[in-house]
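Just one chain follows, in the form predicted on its own, and it is written as C-alpha coordinates.
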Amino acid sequence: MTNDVTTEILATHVLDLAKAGKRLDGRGLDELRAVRITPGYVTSADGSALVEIGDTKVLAGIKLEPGTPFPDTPNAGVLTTNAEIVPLASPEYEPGPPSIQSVELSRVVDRAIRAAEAINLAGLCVTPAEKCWTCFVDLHVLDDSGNLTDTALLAAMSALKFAKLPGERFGIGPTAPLAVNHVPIETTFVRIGDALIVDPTSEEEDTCQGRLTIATDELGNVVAMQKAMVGAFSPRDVMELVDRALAHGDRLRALINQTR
(Lines give C-alpha, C1' and ligand atoms only; values in the text may rest on other atoms or scores of the structure.)
Protein backbone atom coordinates (compact mmCIF):
# COMPACT_ATOMS: atom_id res chain seq x y z
CA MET A 1 0.00 0.00 0.00
CA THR A 2 1.49 3.36 -1.03
CA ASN A 3 1.99 6.23 1.39
CA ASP A 4 -0.60 8.32 -0.49
CA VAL A 5 -3.27 5.66 -0.05
CA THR A 6 -2.38 5.18 3.62
CA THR A 7 -2.57 8.94 4.20
CA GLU A 8 -5.97 9.14 2.48
CA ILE A 9 -7.36 6.26 4.56
CA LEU A 10 -6.10 7.90 7.78
CA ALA A 11 -7.58 11.26 6.79
CA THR A 12 -10.95 9.66 6.08
CA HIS A 13 -10.85 7.91 9.45
CA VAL A 14 -9.98 11.16 11.27
CA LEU A 15 -12.86 12.93 9.51
CA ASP A 16 -15.33 10.14 10.34
CA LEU A 17 -14.29 10.22 14.00
CA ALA A 18 -14.70 14.00 14.14
CA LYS A 19 -18.23 13.72 12.77
CA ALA A 20 -19.00 11.41 15.71
CA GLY A 21 -17.35 13.78 18.20
CA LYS A 22 -14.35 11.48 18.66
CA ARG A 23 -10.60 11.58 18.07
CA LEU A 24 -7.82 9.10 17.29
CA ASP A 25 -6.31 9.33 20.77
CA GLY A 26 -9.65 9.12 22.58
CA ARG A 27 -9.77 12.77 23.70
CA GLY A 28 -12.84 14.96 23.59
CA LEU A 29 -13.00 17.71 20.97
CA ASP A 30 -12.11 20.37 23.58
CA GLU A 31 -9.59 18.33 25.56
CA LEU A 32 -5.86 19.08 25.66
CA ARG A 33 -3.22 16.40 25.73
CA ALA A 34 -1.21 16.02 28.93
CA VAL A 35 0.93 19.12 29.60
CA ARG A 36 4.25 19.03 31.41
CA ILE A 37 6.54 21.99 32.22
CA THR A 38 10.14 21.48 33.36
CA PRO A 39 11.75 24.83 34.27
CA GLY A 40 15.50 25.32 34.53
CA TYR A 41 16.16 22.59 31.97
CA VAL A 42 19.34 24.31 30.70
CA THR A 43 21.40 25.51 33.65
CA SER A 44 23.71 27.71 31.55
CA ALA A 45 20.79 29.87 30.31
CA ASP A 46 19.37 32.86 32.18
CA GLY A 47 16.02 31.10 31.99
CA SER A 48 14.80 27.92 30.35
CA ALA A 49 11.95 25.46 30.21
CA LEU A 50 11.11 22.23 28.45
CA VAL A 51 7.41 22.01 27.65
CA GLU A 52 5.66 18.86 26.50
CA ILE A 53 2.10 18.80 25.19
CA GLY A 54 1.49 15.16 24.47
CA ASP A 55 4.48 14.00 22.45
CA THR A 56 5.27 17.51 21.16
CA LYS A 57 8.37 18.89 22.88
CA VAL A 58 9.81 22.41 22.70
CA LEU A 59 12.80 23.68 24.66
CA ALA A 60 12.98 27.44 25.29
CA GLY A 61 16.12 29.23 26.42
CA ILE A 62 16.48 32.86 27.54
CA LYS A 63 19.70 34.83 27.23
CA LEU A 64 19.98 38.39 28.56
CA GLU A 65 22.94 40.50 27.47
CA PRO A 66 23.80 44.22 27.31
CA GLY A 67 23.17 45.79 23.93
CA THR A 68 22.29 49.03 22.17
CA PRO A 69 18.68 50.23 21.78
CA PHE A 70 17.23 50.56 18.30
CA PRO A 71 17.32 54.17 17.02
CA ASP A 72 13.50 54.34 16.82
CA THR A 73 13.09 53.03 20.41
CA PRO A 74 15.97 54.66 22.34
CA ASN A 75 14.24 54.19 25.70
CA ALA A 76 13.49 50.48 25.39
CA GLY A 77 15.27 47.17 25.52
CA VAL A 78 15.35 44.68 22.66
CA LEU A 79 13.40 41.42 22.29
CA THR A 80 14.51 38.85 19.72
CA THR A 81 12.70 35.55 19.17
CA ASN A 82 14.17 32.72 17.10
CA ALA A 83 12.90 29.22 16.42
CA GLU A 84 14.78 26.17 15.19
CA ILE A 85 13.07 23.00 14.07
CA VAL A 86 15.74 20.31 14.01
CA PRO A 87 15.43 17.40 11.53
CA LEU A 88 14.98 14.87 14.32
CA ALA A 89 11.70 16.58 15.28
CA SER A 90 9.85 14.99 12.35
CA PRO A 91 10.60 13.14 9.10
CA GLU A 92 9.14 16.16 7.28
CA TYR A 93 12.05 18.44 8.25
CA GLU A 94 15.44 18.52 6.53
CA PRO A 95 18.80 20.10 7.38
CA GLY A 96 19.49 23.53 5.96
CA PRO A 97 18.55 27.18 6.42
CA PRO A 98 15.52 28.17 8.55
CA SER A 99 12.35 26.66 7.11
CA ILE A 100 9.12 28.51 6.46
CA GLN A 101 7.64 26.71 9.46
CA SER A 102 10.39 27.88 11.82
CA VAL A 103 10.11 31.49 10.61
CA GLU A 104 6.33 31.44 11.07
CA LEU A 105 6.68 29.87 14.52
CA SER A 106 9.10 32.53 15.75
CA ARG A 107 6.94 35.35 14.39
CA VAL A 108 3.69 34.08 15.91
CA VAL A 109 5.29 33.56 19.33
CA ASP A 110 7.07 36.93 19.18
CA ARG A 111 3.83 38.69 18.21
CA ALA A 112 1.95 37.26 21.18
CA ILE A 113 4.69 38.28 23.65
CA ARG A 114 4.82 41.82 22.26
CA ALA A 115 1.06 42.30 21.87
CA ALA A 116 0.44 41.22 25.46
CA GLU A 117 3.30 43.45 26.67
CA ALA A 118 4.49 40.42 28.59
CA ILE A 119 7.83 42.12 29.21
CA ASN A 120 8.19 45.82 29.98
CA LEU A 121 10.81 46.66 27.36
CA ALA A 122 11.14 50.19 28.74
CA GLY A 123 12.29 48.63 32.00
CA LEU A 124 15.17 46.98 30.14
CA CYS A 125 16.66 50.34 29.16
CA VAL A 126 19.85 51.11 31.09
CA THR A 127 20.98 54.37 29.43
CA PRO A 128 18.67 55.91 26.79
CA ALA A 129 20.03 55.55 23.25
CA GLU A 130 23.23 53.97 24.61
CA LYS A 131 22.74 50.80 26.59
CA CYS A 132 19.91 48.35 27.21
CA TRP A 133 19.27 44.71 27.90
CA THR A 134 18.70 42.46 24.90
CA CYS A 135 16.42 39.51 25.62
CA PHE A 136 16.95 36.53 23.32
CA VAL A 137 14.17 33.93 23.28
CA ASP A 138 15.44 30.80 21.54
CA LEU A 139 12.99 28.01 20.73
CA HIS A 140 14.18 24.52 19.84
CA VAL A 141 11.59 22.05 18.56
CA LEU A 142 12.66 18.58 19.67
CA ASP A 143 9.58 16.62 18.64
CA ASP A 144 6.74 17.80 16.41
CA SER A 145 3.67 15.71 17.05
CA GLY A 146 1.28 18.58 16.33
CA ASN A 147 0.38 21.99 17.75
CA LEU A 148 3.84 23.52 17.77
CA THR A 149 2.61 27.09 18.26
CA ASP A 150 0.88 26.53 21.60
CA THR A 151 3.77 24.43 22.89
CA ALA A 152 6.38 26.99 21.81
CA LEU A 153 4.68 30.00 23.45
CA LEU A 154 4.06 28.03 26.64
CA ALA A 155 7.76 27.13 26.68
CA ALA A 156 8.79 30.74 26.01
CA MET A 157 6.58 32.16 28.76
CA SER A 158 7.62 29.46 31.23
CA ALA A 159 11.28 30.24 30.57
CA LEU A 160 10.71 34.00 30.86
CA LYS A 161 8.75 33.51 34.08
CA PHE A 162 11.74 31.82 35.70
CA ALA A 163 14.47 33.96 34.07
CA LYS A 164 16.87 36.20 35.98
CA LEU A 165 18.43 39.46 34.83
CA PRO A 166 22.21 38.82 35.28
CA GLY A 167 23.14 42.29 36.51
CA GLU A 168 26.09 41.19 38.64
CA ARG A 169 27.71 39.27 35.79
CA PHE A 170 27.87 42.39 33.62
CA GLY A 171 28.27 44.97 36.37
CA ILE A 172 24.83 46.49 35.75
CA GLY A 173 23.11 46.40 39.12
CA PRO A 174 22.06 43.31 41.06
CA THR A 175 20.93 39.98 39.67
CA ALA A 176 17.15 39.87 39.94
CA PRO A 177 14.13 38.03 38.49
CA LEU A 178 13.09 39.28 35.07
CA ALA A 179 9.88 41.27 35.41
CA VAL A 180 7.07 39.52 33.54
CA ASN A 181 3.94 41.66 33.53
CA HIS A 182 1.56 39.43 31.58
CA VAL A 183 1.44 35.78 30.52
CA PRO A 184 -0.09 35.29 27.07
CA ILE A 185 -1.20 31.79 26.16
CA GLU A 186 -1.97 30.60 22.64
CA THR A 187 -4.68 28.06 21.96
CA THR A 188 -4.93 26.49 18.52
CA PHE A 189 -8.09 25.02 17.01
CA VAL A 190 -8.57 23.23 13.69
CA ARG A 191 -11.67 22.59 11.63
CA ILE A 192 -12.22 19.00 10.57
CA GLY A 193 -15.53 18.91 8.76
CA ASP A 194 -17.95 20.67 11.08
CA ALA A 195 -15.94 19.86 14.22
CA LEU A 196 -13.72 22.48 15.91
CA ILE A 197 -10.92 20.64 17.67
CA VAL A 198 -8.38 22.00 20.16
CA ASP A 199 -4.69 20.99 20.41
CA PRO A 200 -4.47 19.08 17.12
CA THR A 201 -2.07 16.20 16.62
CA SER A 202 0.01 16.04 13.45
CA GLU A 203 -2.52 13.62 11.92
CA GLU A 204 -5.34 16.06 12.64
CA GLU A 205 -3.32 18.96 11.23
CA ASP A 206 -2.78 16.98 8.02
CA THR A 207 -6.52 16.39 7.73
CA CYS A 208 -7.93 19.77 8.79
CA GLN A 209 -9.38 22.41 6.47
CA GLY A 210 -8.53 25.46 8.59
CA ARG A 211 -6.53 26.51 11.66
CA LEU A 212 -7.10 29.36 14.10
CA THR A 213 -4.70 30.31 16.89
CA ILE A 214 -5.95 32.68 19.60
CA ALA A 215 -3.63 34.31 22.15
CA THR A 216 -5.21 35.51 25.40
CA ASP A 217 -3.90 37.05 28.60
CA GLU A 218 -4.86 36.77 32.28
CA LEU A 219 -7.02 39.90 32.01
CA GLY A 220 -9.38 38.23 29.57
CA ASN A 221 -8.04 40.05 26.52
CA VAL A 222 -7.49 38.57 23.08
CA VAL A 223 -4.03 39.92 22.27
CA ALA A 224 -3.33 38.17 18.95
CA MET A 225 -4.93 35.87 16.40
CA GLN A 226 -3.53 33.84 13.50
CA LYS A 227 -5.62 32.23 10.74
CA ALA A 228 -4.11 29.62 8.43
CA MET A 229 -5.30 27.44 5.54
CA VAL A 230 -8.40 27.92 3.40
CA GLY A 231 -11.12 26.69 5.76
CA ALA A 232 -13.55 29.34 7.01
CA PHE A 233 -14.60 30.22 10.55
CA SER A 234 -17.89 32.05 10.98
CA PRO A 235 -18.27 34.93 13.45
CA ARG A 236 -20.17 32.53 15.72
CA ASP A 237 -17.31 30.02 15.47
CA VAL A 238 -14.77 32.70 16.40
CA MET A 239 -16.76 33.85 19.43
CA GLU A 240 -17.10 30.25 20.62
CA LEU A 241 -13.39 29.60 20.14
CA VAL A 242 -12.44 32.80 21.99
CA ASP A 243 -14.41 31.58 25.02
CA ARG A 244 -12.72 28.20 24.82
CA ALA A 245 -9.29 29.82 24.42
CA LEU A 246 -9.81 31.97 27.51
CA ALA A 247 -10.70 28.90 29.58
CA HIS A 248 -7.69 26.91 28.36
CA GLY A 249 -5.44 29.94 28.86
CA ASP A 250 -6.47 30.25 32.50
CA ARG A 251 -5.70 26.57 33.13
CA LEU A 252 -2.27 26.73 31.48
CA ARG A 253 -1.32 29.95 33.29
CA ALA A 254 -2.22 28.27 36.56
CA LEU A 255 0.05 25.38 35.60
CA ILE A 256 2.98 27.78 35.04
CA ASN A 257 2.36 29.39 38.43
CA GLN A 258 2.21 26.00 40.15
CA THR A 259 5.49 24.84 38.58
CA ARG A 260 8.60 25.13 40.71
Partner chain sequence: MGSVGAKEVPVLLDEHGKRIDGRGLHDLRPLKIEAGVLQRATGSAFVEWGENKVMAAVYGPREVHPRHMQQNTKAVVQCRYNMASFSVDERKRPGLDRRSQEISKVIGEALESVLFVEEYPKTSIGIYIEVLQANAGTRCAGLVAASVALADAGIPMSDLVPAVAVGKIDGKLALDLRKEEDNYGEADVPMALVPRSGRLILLQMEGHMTRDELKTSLDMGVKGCEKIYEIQKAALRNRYSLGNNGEGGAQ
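Numbering follows the first chain given and starts at 1. Everything numeric here is computed off the predicted structure, so don't read it as measured data.
Heads up, the form predicted in complex with its partner chain isn't pictured, but that's what we're talking about next.
Only one of 100-108, 139-147, 153-161, 169-177 places residue heavy atoms within 4.5 angstroms of its partner chain in the predicted bound form, namely 100-108. Of the heavy atoms in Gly231, some are within 4.5 Å of its partner chain in the predicted bound form. Among heavy atoms of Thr73, some come within 4.5 Å of its partner chain in the predicted bound form.
Its partner chain in the predicted bound form comes within 4.5 Å of no heavy atom belonging to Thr38. Using a 4.5 angstroms limit between non-hydrogen atoms, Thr187 is distant from its partner chain in the predicted bound form. The single contact residue among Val126, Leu79, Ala115, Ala89, judged by any heavy atom lying within 4.5 Å of its partner chain in the predicted bound form, is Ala115. With the partner removed from view, the residue among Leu64, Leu212, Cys208, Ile197 that has a non-hydrogen atom within 4.5 Å of its partner chain in the predicted bound form turns out to be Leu212.
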